[in-house]
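One chain is shown next in structure tokens, namely the form predicted alone.
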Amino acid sequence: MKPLLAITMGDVNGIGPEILAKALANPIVTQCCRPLIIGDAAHLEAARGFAPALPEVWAAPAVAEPAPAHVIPVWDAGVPAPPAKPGTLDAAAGRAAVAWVEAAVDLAMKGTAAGMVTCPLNKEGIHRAGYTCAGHTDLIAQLTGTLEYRMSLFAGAMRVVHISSHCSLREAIELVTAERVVESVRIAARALRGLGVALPRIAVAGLNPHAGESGAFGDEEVTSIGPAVEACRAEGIDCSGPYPPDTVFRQLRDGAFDLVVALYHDQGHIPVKLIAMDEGVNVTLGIPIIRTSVDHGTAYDIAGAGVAREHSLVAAITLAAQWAKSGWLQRSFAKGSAV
């Protein structure tokens, strides 16, 4: 049976409803999974103008209610969305977006859903609603009780795990510790083994230009990153580095490595989005559920214009479905899978 995926609508004032409608109109999505949209049925129906081939939308009265055949069930988890105001920051829209994520996590943790996929929410919008989390990744980690988790981007051969995500560059530099690099490599190794990569080749990027040149341009490579790489190798992980950050991602693309550990948000995001902006998938690793997402934001500047591209969402859904059917999560969390 095709896996049931809980797919959250995100901020209804962004491009979430539009890319959802366009993705659900693509037969690839309904062929690979049974989508359960956590959001507002009226907003998805209103987006039909952007995707006339969208199947019939059905407002599910409860998540356990069997859906009629050939429809897209939409459940609001008891939190209907406010009226749409495309491109507008709205606390009510932020509040609904968070409530839908909470519902999807609950379904995935209970095993009702095989995994979850998220459309973008707006960080300022959820802060206006009273939430303090930095975004999806931190919120889902809190809801699953996960202490060590990492944001990552997957786009074909381009796989990048970040040791930090949404924080200032100054704070990100302070997070470059041997302990954090080691745990990031372990999480990456578990994920790759779960995907069937028998002997993962993991590269660690340097923080400074030319990977510091033996301390000439900064000493983090000598004091933290290098020792972390050696510690991982002692555990049996094929880990190497630190590599100059301006060349290691080209080596990843050319097949020299299976994954790169990036030292801060933009270091990892820029190369992936440059090469595969429309195909990139944001994956949260280290949590006990499957969670994928688009690799972009709410795009308020084009919300409601009908020009948003759904390709990243389609990639996120198909990747989550692939992992759910393959038993990836079980393998990645298997005892001893880190080495």
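What you see is a predicted model, and the numbers here were worked out from it, not measured in a lab. When you see a residue number, it is the position in the sequence shown, counting from 1.
Another form exists, predicted together with a further copy of the same chain; not displayed. Remarks below refer to it.
- At a distance threshold of 4.5 angstroms between non-hydrogen atoms, Ala53 is out of contact with a further copy of the same chain in the model of the complex.
- a further copy of the same chain is not drawn, but in the model of the complex it has a heavy atom within 4.5 Å of Leu169.
- Contact annotation: Glu213 falls within 4.5 Å of a further copy of the same chain in the model of the complex, judged by heavy atom distances.
- By the criterion of a heavy atom within 4.5 Å, Glu220 is counted among the residues contacting a further copy of the same chain in the model of the complex.
- Partner contacts here mean any heavy atom within 4.5 Å of a further copy of the same chain in the model of the complex, and among 262-270, 191-199, 177-185, 108-116 they occur only in 262-270.
- Residues Lys85, Glu102 and Ala305 are none of them found to lie within 4.5 Å of a further copy of the same chain in the model of the complex, as judged by heavy atom distances.
- Out of the listed residues Ala46, Met277, Ile28, Ala67, Met277 is the one that sits within 4.5 Å of a further copy of the same chain in the model of the complex by at least one heavy atom.
- Only one of the listed residues (Glu148, Glu235, Asp238, Asp246) places a non-hydrogen atom within 4.5 angstroms of a further copy of the same chain in the model of the complex, and that residue is Asp246.
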